[in-house]
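For reference, the chain that follows is the form predicted on its own, supplied as structure tokens.
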């Protein structure tokens, strides 16, 4: 089997394959940095989106201070590749994970974790006492998502005070992520909900600092709220991830702020009926929990999965009258913009990064499947 090489045309790729348009990705990175330049806030991108050390290094070269990851296993991949300043944004609970965390932090002491319970904090402290090493922690605050986190305000202050009993835990800051807000379609409602979350977060920051906790790190924000979050003086960093690629769902919500840079290229396998075509990208190539993928630059063409390995394209008679029939022949290719980049990326092993149709880099999605 032919192995694609740098310099090849995209036409050599088998399908489905995952493509990154480097011009567009670099544009998105530069745009976000420009938006943050007006603030004091730094970028700590969430690497659970890209899952790729090479992309993490591109982000660091563009000015990011480090990265976020969701799981210890993701942190292992990134740290091994030289990305040292990492925040694990999900609580690390359970002895197998804690044991792996201890080994990781012994080699990479800049790694930080979030906590939201005394039981969780005690287990971490006990493990790090055994190796006589400190662990940097952030308190996670529930700012409205109601997933994890301590209640804001005085409850958080009381929790921080109780953390002082643990010898190996160093409180560095707080995290308050408003995941429930990121994809609200109405921009006014998204802003209203984000400000409500930010009031809870920033008031807690002030209370904690008044109580003697300096809080070097206040981390928040995602792709849908990053600029608004960065306008608050208490915030020190933001952690968007999807801005890199912008999937179809985010594009519907945010409009043309960023440009979709990630696509899945697919081949037409069959034309079984008028106004229908079957492609080789189904549920195993395009995730659908955020809606359907969208054919790129094909207005009036609609996709839905038609099984694990197949996808259905449909269009109307009016669209057909514009010549769609002639450009959708068996063997033709088209690109689809995923509805959710994070989970679609997790279905592939490799990115083919291209510029103007030529492969410029081939990257392993090394943190794919790292859910522990």
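The structure presented is a predicted model; accordingly, all values stated were derived computationally and were not measured. Residue numbers count along the first chain shown, from 1.
There is another form of the same protein, the form predicted together with a small molecule; it is not shown, and what comes next is about it.
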**residue 204, heavy atom within 4.5 angstroms of the small molecule in the predicted bound form** = no
**Asked** Can residue 147 be called a contact residue for the small molecule in the predicted bound form at 4.5 Å between heavy atoms?
**Response** yes
**Contact of residue 177 with the small molecule in the predicted bound form (heavy atom, 4.5 Å)** = yes
**Prompt:** Does any heavy atom of residue 89 come within 4.5 Å of a heavy atom of the small molecule in the predicted bound form?
**Reply:** yes
**Prompt:** Thinking of the small molecule in the predicted bound form, which stretch from 71-79, 190-198, 96-104, 240-248 has heavy atoms inside 4.5 Å of it?
**Reply:** 240-248
**Message:** If the criterion is a non-hydrogen atom within 4.5 angstroms, does every one of 16, 263 and 296 touch the small molecule in the predicted bound form?
**Reply:** no
